[in-house]
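Below you will find one chain, with nothing else, as structure tokens; this is the form predicted alone, and questions on how it binds or moves follow later.
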């Protein structure tokens, strides 16, 4: 870092770790270290930190649950922000007639949130069953699957821009779409969701069915970061097709580079064995894309986010 640590971090309500092993904090469990990892304790600390980074031209990245993230073996520079303090893990429910309005911090764990709403008999988040990560990350990538996506239940987002401006944004104005949106770069701090009052037993049954389907069809017990590629659009029908089916049809199930391999259970998952490196995963991603383009005429776009030293993530 070319600026002084005190000018960047001094006087702020932060927990700071230098040379932090963030690769091990991802679901891949591999990759390099962060020069500086910070865990803010207040919204004000995040706002001031981002403003200082902006003024001093220091890159900022936000680490959620690490569910769809690969950290390069060489690590990352700048500041990595992790909203894992209890301040960003608060959940509050407010009954509004037949609707359960919920506000939650961006650091809330998705597994925990699905279980909590299930126990309370609030439906709407069943589609997130079995999806790892934090609420902020799920919003940023509009996580979801066959049963729905995060934006289906979003009402508002509290967002900190990289210019240091906090805004309360309505979700319906942000152009949410398959694995993306028009949400500007920055930090999701909080959100509100619309949930429906329902029978706890019925909600629990739906969560169980979705989770069991995923467990039967996906390598959930393996060291993986979820789907490696976005489902591409079929140019003839305009509909999205299964990236896993395309990779399988290209004959790549079980294909391995170093310690990284295409899952035998679901071809859109890259799984790691002991000794795997981030370089192995990156090379395998590139090889899959090249082979699928050559054999199937399809261009696959990675869903996994890759952080490297010197990039602008």
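A quick note: this is a predicted structure, and the numbers were derived from the prediction, not measured. Numbering follows the first chain given and starts at 1.
The following text describes the form predicted together with a small molecule, which does not appear among the structures shown.
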query	finding
Position in contact with the small molecule when the complex is considered in the predicted bound form, options 166, 174, 220, 101, heavy atoms within 4.5 Å	220
In the predicted bound form, the residue from 79, 191, 143, 203 that sits within 4.5 Å of the small molecule by heavy atoms	143
The small molecule contact in the predicted bound form: residue 214, any heavy atom under 4.5 Å	yes
The small molecule contact in the predicted bound form: residue 153, any heavy atom under 4.5 Å	no
The small molecule contact at residue 298 in the predicted bound form, heavy atom, 4.5 Å	no
Distance check, residue 120 to the small molecule in the predicted bound form, heavy atom within 4.5 Å	no
Stretch in contact, per heavy atom within 4.5 angstroms of the small molecule in the predicted bound form, of 191-199, 235-243, 166-174, 131-139	131-139
